[in-house]
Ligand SMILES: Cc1ncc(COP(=O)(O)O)c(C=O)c1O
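Shown below, as structure tokens, is a lone chain in the form predicted alone; questions about how it binds or moves come after it.
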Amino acid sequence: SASSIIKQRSATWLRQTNDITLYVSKAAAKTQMEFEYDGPSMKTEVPGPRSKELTKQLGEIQNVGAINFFCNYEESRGNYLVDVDGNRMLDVYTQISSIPIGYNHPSLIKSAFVNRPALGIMPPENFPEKLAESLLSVAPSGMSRVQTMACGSCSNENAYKAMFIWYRNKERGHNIPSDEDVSSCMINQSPGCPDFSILSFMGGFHGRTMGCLATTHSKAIHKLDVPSFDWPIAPFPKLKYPLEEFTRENAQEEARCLEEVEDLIVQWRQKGRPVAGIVIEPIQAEGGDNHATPDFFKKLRNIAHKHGSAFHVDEVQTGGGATGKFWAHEHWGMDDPADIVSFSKKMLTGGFYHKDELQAYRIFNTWMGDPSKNLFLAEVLNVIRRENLLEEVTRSGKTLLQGLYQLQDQYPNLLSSARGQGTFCAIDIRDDATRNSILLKARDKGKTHYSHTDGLIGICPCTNTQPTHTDMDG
């Protein structure tokens, strides 16, 4: 393996070198010379007993197949990495070539977060503990595993990969690829690169990377000129408001969309492109603040079960408490709401929760998230709990929505379809020109709101975005 080759070459080089001479420029201060270690110092085998214990702990949370050992980044210096068992090693790997000026450089040491570890291979000692304090403390129902990522797009992109790998292993009946699988995937051919698909919904937004963009259908500006995949796109319910006046019509609309979902799954299976997963937002945010009833999502979840597709709930925009519950899908009242739940934005870090069976040992990138953001998130969660902010969101959300109802009653020729959950609220404005005028006047009074480009305003508690005519997402 690459790691064993590196170790062998490093050992050979060290045997040939009596001591380590550090080059220091004439301009460097004496403190820089004292800052560097003078050579390796090994106390145990690698990984040592402490690393093995931490690997076991983290293995109960996420994939640890690539982890070499855990690190003590506070004690690491310059080109020398120290692990949790006290072993000091010359680091020629440098966090997958991502460390520009060594560990704990004096010019950076005044910063609270100096080092950014490659979490997939050499996480810090406190990583399992901090995951438990932050992300796992708010894990969705039925999920005890989380994979950290950097942003919403890479969270969804890797969640899609996890669904594809899971679906392919189901087909095989095991997780060992054949020789044909291995050879064909290298030239982008089946069976190594199977013709699977992911079903998404009109109005959905899941990101701008290639797989995510194939499931994004909110605005043309995102997708224009970019090749895509032949994956099924289902209609998302277009509810009429106020809901209590259109109960029958809205139920029929949701039934129509669910029937279309089943038809598309059957059609794509017949085309030889089975639906490995379904991805949906609990509230379509960037695509127009579109809502559906809990009954719709429950029935959609059952359809996924029926057809053997994974069910992915994208909470990148809705997670974090803006709806009055920490996860918007909690409003559905389900014990088993999803197989995968992705997150980012208000969670400060990206990633996805998943069931045990969707653990994929080939989900990997350089940083796999950022542990400093887990520390921030832990404190954010403490504030949410200490100040009862979810209850406050529910209370203030009712006041906000009531105010929107009053405004649309007062200006029925301008405003309509007030809707929302918690403070995740929106109202439609008559047309684009009227909306732009209102936004500018509101901004002149010191109030900015999140605006979509289809004649509505969305109001979300952590948004302070000025509208444009082209590329808006929350």
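Nothing here was measured: the structure is a model prediction, and the numbers come from that model. The numbering used is simple: start at 1 and walk along the sequence shown.
The same protein also has a form predicted together with the named molecule, omitted here; what follows describes it.
Checking 363-371, 200-208, 130-138, 79-87 against the named molecule in the model of the complex, the stretch whose residues place heavy atoms within 4.5 Å of it is 200-208.
Looking at residue 71, you'd find every heavy atom of it more than 4.5 angstroms from the named molecule in the model of the complex. The named molecule is not drawn, but in the model of the complex it has no heavy atom within 4.5 Å of residue 339. Mapping the unseen interface onto this chain, residue 345 counts among the residues with a heavy atom inside 4.5 Å of the named molecule in the model of the complex. Contact check for residue 151: a non-hydrogen atom falls within 4.5 Å of the named molecule in the model of the complex. Residue in contact with the named molecule in the model of the complex (any heavy atom within 4.5 Å), chosen from 119, 275, 322, 316: 316. Shown here without the named molecule, the chain has only 281 in 275-293 lying with a heavy atom within 4.5 Å of that partner in the model of the complex. Relative to the shown form, the CA atoms of residue 93 and residue 349 are brought 3 Å or more closer together in the model of the complex.
Relative to the shown form, the CA atoms of residue 95 and residue 349 are brought 3 Å or more closer together in the model of the complex.
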